[in-house]
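Before any questions on binding or motion, here is one chain by itself as structure tokens, the form predicted on its own.
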Amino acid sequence: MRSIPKLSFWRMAGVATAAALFVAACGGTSAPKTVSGGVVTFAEGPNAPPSYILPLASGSYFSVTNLSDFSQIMYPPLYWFGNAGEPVLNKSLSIANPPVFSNNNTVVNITLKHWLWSNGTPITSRDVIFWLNLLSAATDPNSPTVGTSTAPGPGWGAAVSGAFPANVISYTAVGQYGLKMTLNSSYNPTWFLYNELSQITPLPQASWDKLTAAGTVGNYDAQAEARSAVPGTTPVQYQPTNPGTGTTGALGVAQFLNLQAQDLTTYQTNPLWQVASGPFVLNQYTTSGFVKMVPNKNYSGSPKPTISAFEELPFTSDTAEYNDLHNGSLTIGYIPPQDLPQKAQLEKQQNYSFAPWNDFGFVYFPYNLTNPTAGPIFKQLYFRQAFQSLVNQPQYITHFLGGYGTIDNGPVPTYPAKNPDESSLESTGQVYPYSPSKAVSLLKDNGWTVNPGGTSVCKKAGSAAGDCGTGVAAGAAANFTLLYESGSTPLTNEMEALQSTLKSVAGIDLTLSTAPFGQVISTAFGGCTPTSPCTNWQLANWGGGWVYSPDYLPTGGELFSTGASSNPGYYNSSTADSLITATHTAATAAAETAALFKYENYIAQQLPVVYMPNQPYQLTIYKSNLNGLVPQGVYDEVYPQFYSFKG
């Protein structure tokens, strides 16, 4: 972490702690003997196969499944985060050395290590600028295609209005391996590294800078000047050429790569995807979700892979995955909570070990505040308070999650334990505990006729105290739809329990429907805005909430800033925006912590989303002769280059 300011003591101590854990994980000088070769199989989530290989992913593809567990194995980011289970910068796995800030933290200098692409060519500053040019074009608000559900360009799931890359005035190569950025203001260096520079992924410009599959490689991305070179001036925004008939420049390249990434049938044969920088390259891919990766012989990082292949296997349900565990055919899988009573049998009969995979995230699902029917009701704080008061988190943890879970009070993770980034409001007690009486009282006190077992309706329209609230019409019914991920028994149990409680206690009707994971997130992240509202969903639950990646500090910009790409329900609060901004510019660690606490307390109390119990990413169960898996990635990232089998 060098000498840049730290968000908290926990982050300051994290690197040293992680180093100690890494030594312990590897066994120090008494590490067990290993053998080279062997295939490691990895179970994908139910109905959640990877479906997008390009690291520059829109909100519809912006998931752990596509990024952390798939594309980043082949295309790691410039800065890697996660070190032996700790949420810190991993300098050894980063493609660049830690950044150097100067001029009151308005200038950033980056020096690349001399790594290679899989084809033997060097990874240079040109490859970083290629990413920045594509990112600038894909997130340019002046482009008529960016931000729409039908955009031919990829967009960017981490986009926040006014943030990266818009807060970079200029970026310039300094020789073959250097890069200089000039920022539009002074930012907290820790935040800028963890949440802004963390978004960069070098891409092979000499192989990917094309407009068509049959076309030649050029410098098309450089045809669009995305940033002014003069500090303090308005950035030059990219305008595509001949909209609707053909696009050139950086946006044209981004569109071409996006279309290639959407063609799953060609993943195995497309030469684009054979040029990689990570420890593995793609060898096989099927549209059902089977993935086989083999070691990249030119991988510049350490350690080098020793297994012969890493395979990801698709499953339609957690029951189907458990059947493969039961017959011992998976190297790394997950035991569904309902099958935890069989854990000892699996460990004994199939030589498995157990390790819950905890991550730095929180679990929730969003309201669609743009929906013309449900949105006006969801915008009322009292209604969100009533809804949250009927989420029985302790019951869900005990009965549906096998006891593996913690109460979720807000946006800052409860893991690691005693996380100093978590305010006392979040860490002490429950902000909105389960309380049927409170839920009913809130509705009655705000103009609703509550019909337990039936359907509650707004009786007193209006915006005065005691009324249903602005935009809620007299006679409006508490009748909503909720789309959730199929294939997960615990999630189904939670949603059906919630449905029953809402109906029986408060007369809130919830019509449930299911779809595969990818369909749920593509529906929810369809670009809902007040001027272009989404009418095809009201509540959506993809079953996992959010892990803080690539925004590794939990300051909330990507989630709750107005118009952010990963703010699917379009939560909009000027207060939240101001509190989030304050976390970006705090000059000291103490000021940063104070700003973070104010932000998270506000979000915990305002309930922009429905908080569900925090739980492990999965309850991992793995072959006992596998080395290098534990500790597991705190950002849900995987490290197959560390895997080996005991001799």
Partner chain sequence: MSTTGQISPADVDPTGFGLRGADVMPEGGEGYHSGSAWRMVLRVFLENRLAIVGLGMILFMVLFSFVGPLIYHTQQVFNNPNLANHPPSGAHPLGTDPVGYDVLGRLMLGGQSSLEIGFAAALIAVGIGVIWGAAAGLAGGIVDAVMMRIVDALLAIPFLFALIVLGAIFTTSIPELIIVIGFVAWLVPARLVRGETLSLRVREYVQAVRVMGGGTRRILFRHIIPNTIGTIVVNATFQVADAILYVATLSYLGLGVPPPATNWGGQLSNGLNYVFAGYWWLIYPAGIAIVLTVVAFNFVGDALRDALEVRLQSR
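Bear in mind the structure is a predicted one, so any value in this text is a computation, not a measurement. Residue numbers count along the first chain shown, from 1.
Just so it is clear, the following notes concern the form predicted together with its partner chain, a form of the same protein that is not shown.
Across the proposed site, 302, 308 and 627 without exception lack any heavy atom within 4.5 Å of its partner chain in the model of the complex. Proximity to its partner chain in the model of the complex, defined as a heavy atom within 4.5 Å, singles out one entry of 536, 319, 283, 111, which is 319. For the candidate set 529, 186, 342, 167, a heavy atom within 4.5 Å of its partner chain in the model of the complex is found for exactly one residue, namely 342.
Shown alone, this chain has one stretch from 423-431, 438-446, 205-213, 495-503 that lies within 4.5 Å of its partner chain in the model of the complex by heavy atoms: 495-503. Proximity of residue 80 to its partner chain in the model of the complex falls outside the 4.5 Å heavy atom cutoff. Using a 4.5 angstroms limit between non-hydrogen atoms, residue 116 is distant from its partner chain in the model of the complex.
Contact annotation for residue 400: at least one heavy atom lies within 4.5 Å of its partner chain in the model of the complex. Among residues of the shown chain, residue 453 is one whose heavy atoms approach its partner chain to within 4.5 Å in the model of the complex.
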